[in-house]
Structures are given as structure tokens and as C-alpha cells.
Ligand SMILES: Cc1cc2nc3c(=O)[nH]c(=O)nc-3n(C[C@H](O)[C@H](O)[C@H](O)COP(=O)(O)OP(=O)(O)OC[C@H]3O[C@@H](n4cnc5c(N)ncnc54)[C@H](O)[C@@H]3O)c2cc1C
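There is one chain below, alone, in C-alpha cells, taken in the form predicted on its own.
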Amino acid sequence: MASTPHIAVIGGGSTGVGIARDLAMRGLDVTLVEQGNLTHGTTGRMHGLLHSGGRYAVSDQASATECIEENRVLRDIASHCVEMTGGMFVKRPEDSEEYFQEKLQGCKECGIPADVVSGAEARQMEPHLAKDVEKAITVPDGAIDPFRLVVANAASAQEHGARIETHSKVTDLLVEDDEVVGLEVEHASGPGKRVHGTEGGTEEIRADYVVNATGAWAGRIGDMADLDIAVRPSKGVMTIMNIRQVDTVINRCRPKGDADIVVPHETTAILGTTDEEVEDPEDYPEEQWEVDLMIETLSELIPMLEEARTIRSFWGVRPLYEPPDVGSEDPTDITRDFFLLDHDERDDLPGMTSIVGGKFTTYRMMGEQISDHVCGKFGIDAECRTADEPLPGSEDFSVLRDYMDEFGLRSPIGRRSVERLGSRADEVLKTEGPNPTVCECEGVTRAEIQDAISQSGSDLNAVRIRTRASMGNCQGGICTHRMASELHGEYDEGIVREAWDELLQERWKGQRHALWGEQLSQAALNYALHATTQNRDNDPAGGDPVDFAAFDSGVDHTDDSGTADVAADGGKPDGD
């Protein structure tokens, strides 16, 4: 073609940003749109496991082989997002010896390094393992921060010329002469960085090709062009503990089942998961029994979980897909492999391809294959470089120790800042002014918050996923107002309060299944701080002000005028 093709990518999860980065690095003109924040969907609701492939070594060896290959790639290109914790598949007395041997053999067949250790050796590695664990298989599992990884991919795509639009929902596919030629998008606050209170609008984005990388939402995009994309969403619960009970990924060595993995992640441990098919990726029950199952079952592997403090639970939806002629009834039987659906070949509708299925660990491989596919459509011969060129923050991770020395980072807060920022530490942490800690739980400083605001506008949830601020034990009880105050100066009061409210809502909604024991006390403290001390249940910047004069006026409580109990109710008339 005479001009550079313009590719529209729908979906801001790991697959979408991986595709955007790959295509932009190959010199194509790319626009990515996402209906919420980056990681809004499945990517932001996973347990943070960097797969070794061991979990699929018996049931899906093709996926297992892909996982170990990409595991090695991500350790190199995304080192500031990865913690190589190692992993174990542990066997209890009631677990099958035959399956244990199948797992070990499967790992070897897939090229996954695997060794057998005794129960005593496993407990030397992880002292809190149950005393009756007989033995374990060690594998190179790891923990990976999905938020940091996706943001780094988006930043790299932008550096190579891509346009990234969050809070921009696709409302229609543009189809002309039986060909997809673009998108209609509804921006929540206008193109560019999100600013609360800014009026949005509709935009038509014309494109030479469209890639549908919306995961569990792929069917909804397909419906806009009368395409049948039969994704089978499957929900799974994850429960977050307040500390790391283990420093190694612990898997139960048994065939498919619920509640069989613990992933140490940052300052916490994440328990997972279930696998239950649902109709709607946004509307499904989140039930207490699922959380109870995590704790009760995984306590068989790590007994201290039974009395441990949970801080939050969340649910994610896997975008499972299999060819229609397979017809698996149990979602655990559906392959974790991914599929490219070329709608020209499949549905006689040129101009769009959908990518469905797959796993977080293989996002880069998926991006490479669909980028090859798109380039082939336009006769472009450009090599993929995403497996070789590090992401922003991982360009030279060996400098991490140098930064530790240079900034005198002996404290846990300083170390965590540098670990999060990687090779960007110099750029972010060298500030002229004071750099106090904003979030003590996660050790996040003002410099990191301000760096995230520069990328995110007034969107404090976008700041959260970039920094982990408000994601610790207090769940934002102590730091959300500090985060909001960092917006002051650039944004007016109304915008700051709206952004603050939105962050508070997001922090509260995940706690309802953790409201017992110590976390209930924490929630009560948070409520006292937010609703009373900070007056968040009657914001002076919006709504009717409190009539404080009523406290001094001696209102007659027998009055039936509608203000009868104003003083007793804190100065608020009935019905407000």
C-alpha cells in the first residue's frame, strides 16, 4: 500500500496492548481503545501467576510448552514486573501417586524444569506447609504484576507512535460495502487523558483493519456486525490475604479442581480459584461460599490460612473458546490455547479478525501471531521484535542495585519504589521537592503518584494500578485522601472530589466478602475516617449543605414541618 495502514485494536488488556505494541514497533499506525482503564477486564482480575506450564503439563501439553517458552521471554523483557518465586506441586496423602508421576513426566516432555523434593525438603523451603505433605515437584513458576506489565506495553506502544484511548467504549462497528472499516467510540471525557467532569463525545475511527481483542467481551463486539463469536466466559474467585504466608507458588498436585493454588504477590498472597461458566462477563453472582471454599480447601496445604486475615476478594472471567464442534460441557475441559478468527475467511466479512482464548502468560506470543496475520493482509514484511526489546522499566535492570546505592535506598519503601520502577527509577525519583510516603502499606511515594498522574489525568484508579497505592492492608483507608490531594493544583475541587469518590467506591466494593475478624475492624475504622472525619457521606462540595444552625435553634421534635428531627439527624432534613 502507498500509505501506512491504520489498525484499530479493541481491548486494553494484556492481549490488546501486546498487539498494539507489536504492530507499532513494526511501523504500522495503531489506535487502541478500551472501555475502562487498562486491565479493566480479565487481565486486572487474575492471580498474578507467571506460568511455568506445569499446570497444563498433563491436560494440555501444547499450552504448557507455550507457557514455558513465554515464561523465559518475560523474565528478560519484563524483569521489573516479574518475581521468580519458583513453584511447587505438592502431594498430600490422599492425592494420587499415579497423577504425581504423570505430572512429573508431562513437565519433562514439555521442557519444563522439574525436580522431586521430599516433604521435609519442601517444608524447609516453605515452613508453613502442612506436616503431612509427602513430597513435591519444583517448577519455575513466578509472580507477575499484570498492571505494571500492561502499562509498560502501552507506554512502549505510545513511544512507537500508537494512540491509546481509555474510557472509550465501542458502540458500533462501521461496516460499508460488506467490509469492516472502523469503529464508533463513545469517549467518557473526550480523547486523551481522562479528566473527571470533562464532557465526552462520539468519535468515528476509520481503520484499514480492526482487531477484536476484547476477551470475554468478544461476542458483544461480534454482535455489532452480526458475527457469532461463541466465547464461553468462566468465572473464578481470588481471595487476597494480608501477608505472604508463602514465598513460593504452591499448587495442589491433583487433576482439575477448585481452590488449588496460592500465589505470593507483592506484599500479599492470592488464593485461587474456581471455574464456573457464566452467561454474562459483567453480570454474575459473587458468592460467599466461593471465598469460604478457597480458605477451607487451601488450609489443607497451608494450615495457617484458616485463621489468617483476608483483605479482599475479587472475581475474574476467563475468555474460554473452543471450536463449535467440540462441545465440552465442563469449562475445565476447554483448552487454554488461543484462536485467531479471520472474519473474512470464516464469515465472508473482511476487515476484522478476533483473537479469543489464551492465557496471560502467552499474551506476547498471541500479539506476535496476530501481528503477523495483520501484516500479511497488507503484504508488509516486518519482523517481530517484542521478544527481544525490553519494556520500559526493564531496559537495564542491572542498574537496580546502583539506584539503591545512589538514592541511599536502605528502607523497605525505597527498595520497593525502585523495584516497581526498574530502570525508570532515576527519571521518576530524582525530584527537587520533598518525596514523602503517600501509601505506607505499599510504600508508594509522592514522586510515583505524580508520575502516574502525569500519565493518567485525574483518574485515581489508573494511578492505583500504576503504583499499587491503596491496595495494601488498609485498602485505602489511610491514603486515598492523600492520593486525591496530589491532584490539587492541576485540577479544581470538584474534579478532585469526584476522582476521590470513584477511588473510594472501587476500594470498598471488593471488601464485602472479607468483613470478619481483623478486616472488619479495619473496615469500621475506614468508615469512621471516610464518613465522619472526612464527611464523605455528605460532601460539602455537592448536594445540600448541613444546616448547622439547627443544632443551636432548639428545634421542636414534635414539629411536623419536615425539619422536625433536623438536630437529631445531624442537621439533615428528612429524605436527604
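For every residue, the number given is its place in the sequence shown, counted from 1. Computed from a prediction, not measured in an experiment: that's the story for all the values here.
Only in words, not in the display: the form predicted together with the named molecule, which the text now covers.
- Interface residue among Y209, F147, W217, W500, judged by heavy atoms within 4.5 Å of the named molecule in the model of the complex: W217.
- A single residue from the set G236, G443, G477, G222 has any heavy atom within 4.5 angstroms of the named molecule in the model of the complex; that residue is G236.
- Shown alone, this chain has one stretch from 168-176, 155-163, 492-500, 377-385 that lies within 4.5 Å of the named molecule in the model of the complex by heavy atoms: 168-176.
- Proximity of T273 to the named molecule in the model of the complex falls within the 4.5 Å heavy atom cutoff.
- A residue is said to contact a partner when one of its heavy atoms sits within 4.5 Å of a partner heavy atom; H513 fails this definition for the named molecule in the model of the complex, lying far away.
- Heavy atoms of L23 never reach within 4.5 Å of the named molecule in the model of the complex, leaving it off the interface.
- Among residues of the shown chain, Q519 is not one whose heavy atoms approach the named molecule to within 4.5 Å in the model of the complex.
- Contact here is defined as any heavy atom lying within 4.5 Å of the named molecule in the model of the complex, and by that definition not a single one of G86, G106 and P140 is a contact residue.
- Within 4.5 angstroms of the named molecule in the model of the complex, the stretch 46-61 places a non-hydrogen atom from each of M46, H47, G48, L49, H51, taken in sequence order.
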